[in-house]
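Okay, here we've got a single chain as structure tokens, the form predicted on its own, with questions on binding and movement later.
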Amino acid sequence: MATVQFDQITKSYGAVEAIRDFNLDIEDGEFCVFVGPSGCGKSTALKMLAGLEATSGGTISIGGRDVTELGPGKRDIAMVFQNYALYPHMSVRKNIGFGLKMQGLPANDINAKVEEAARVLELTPYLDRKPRALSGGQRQRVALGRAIVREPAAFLMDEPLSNLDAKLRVQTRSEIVKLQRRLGVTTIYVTHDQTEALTMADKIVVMKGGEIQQVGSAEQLFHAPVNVFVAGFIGSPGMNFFHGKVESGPQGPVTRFGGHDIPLPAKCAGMSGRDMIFGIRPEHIRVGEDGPGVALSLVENLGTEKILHFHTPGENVLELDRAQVGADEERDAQTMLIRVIDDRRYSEAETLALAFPVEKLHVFDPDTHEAAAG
């Protein structure tokens, strides 16, 4: 077990700067997840930590030891890849113990470590099977077992669940979390799936364009995003955004939305006359209350919940592409979503009255895209 530190790390490929000013401390025993869209630099950061990519600048430390110039085999880490990388001709037992055999450990010691890892991972009945006789989830556990027996200072996991189906991903990620808690090994995990990040991590590192956008717990990222990108990226569906001007109302600051005054947080009192970006999560919009009326354009019935689509009023449309707000690129920038959990039947073209709870509104500067202070 060990702390991991990135200090002023940069990585360039010719004129392309893939990682910029990357500074991060990961505590001993912490489960840290790097998350972000494709091309954000999260896998590059992990590969530099593993020694598979050289840094262009800065230092990397593991357990207080500078490993920046050391090869992968001297860093005391174990990697788990998305393709498992198992030897098909070897049994599960030999796959798990292969690294220990290469280290020259006595056969009795190897067998004891393999048996213990198999017990922890519930693989004991499969030790004499070949990988082809295992399910995807079982193969992933074998790959984890191979990492566990080495007793490394840190586990590095690069999209380890991406080859599993949706149901098995849910099951396997809970197994990984329980295993990591039991072993207490510092773990750095890379994924593009923010649901994995939110459900697994002690610490989440949100990345975009080779830079860290925010570091925090799931609760911090969800309830207090530092900018528009994090607000839109974290949460499923992502946050709704709209544009509006701050005005002075009889009871405090307001903005106009669909011809109605929407109360704003008290911190907006000093922003009168300014155009701002406002955000609210789909689950925080309340339906059937006094407020702007909107016509539904689509109803997605997901069984336990419904996602209601409606068009942002023209004067409130935010002129930013989806990549800038961290949202799904397939989602129309002029569409807002409501998430409801009820038994009511909604129909397309139905008009609903909405309420935007003032305590759930987020306010962002339109020039910097940073969360407004206050």
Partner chain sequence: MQQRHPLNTIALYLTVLVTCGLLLFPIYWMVVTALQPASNLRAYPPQFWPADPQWNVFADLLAKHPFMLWFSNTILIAFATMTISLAVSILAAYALSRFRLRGGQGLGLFILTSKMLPATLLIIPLFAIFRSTGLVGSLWSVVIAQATLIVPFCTWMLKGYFDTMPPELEQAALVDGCSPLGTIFRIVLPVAAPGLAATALYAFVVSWSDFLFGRTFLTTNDESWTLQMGIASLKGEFVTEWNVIMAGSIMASIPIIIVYLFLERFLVGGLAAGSEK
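Residue numbers count along the first chain shown, from 1. Please read all numbers here as calculations on a predicted model, not as lab measurements.
Keep in mind the form predicted in complex with its partner chain is missing from the figure; the text below concerns it.
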Would its partner chain be touched by all three of Asn83, Lys101 and Arg150 in the predicted bound form, meaning a heavy atom each within 4.5 Å? yes
Assert contact residue (its partner chain, in the predicted bound form, non-hydrogen atom within 4.5 Å, options Gly184, Gly73, Gly288, Gly293) equals Gly73
Counting any non-hydrogen atom inside 4.5 Å, which residue from Pro250, Pro88, Gly303, Pro125 sits next to its partner chain in the predicted bound form? Pro88
Since the chain is shown here on its own, which stretch among 113-121, 204-212, 252-260, 75-83 would lie within 4.5 Å of its partner chain in the predicted bound form, judged by heavy atoms? 75-83
So, in the predicted bound form, is Leu52 in contact with its partner chain at a 4.5 angstroms heavy atom limit? yes
Taking the shortest heavy atom distance, is His309 within 4.5 Å of its partner chain in the predicted bound form? no
So in the predicted bound form, does Arg339 come within 4.5 Å of its partner chain, heavy atom to heavy atom? no
Please tell me whether any heavy atom belonging to Arg146 falls inside 4.5 Å of a heavy atom of its partner chain, as the geometry stands in the predicted bound form. yes
Partner contacts in the predicted bound form for 8-46 (non-hydrogen atom within 4.5 angstroms of its partner chain): Tyr13
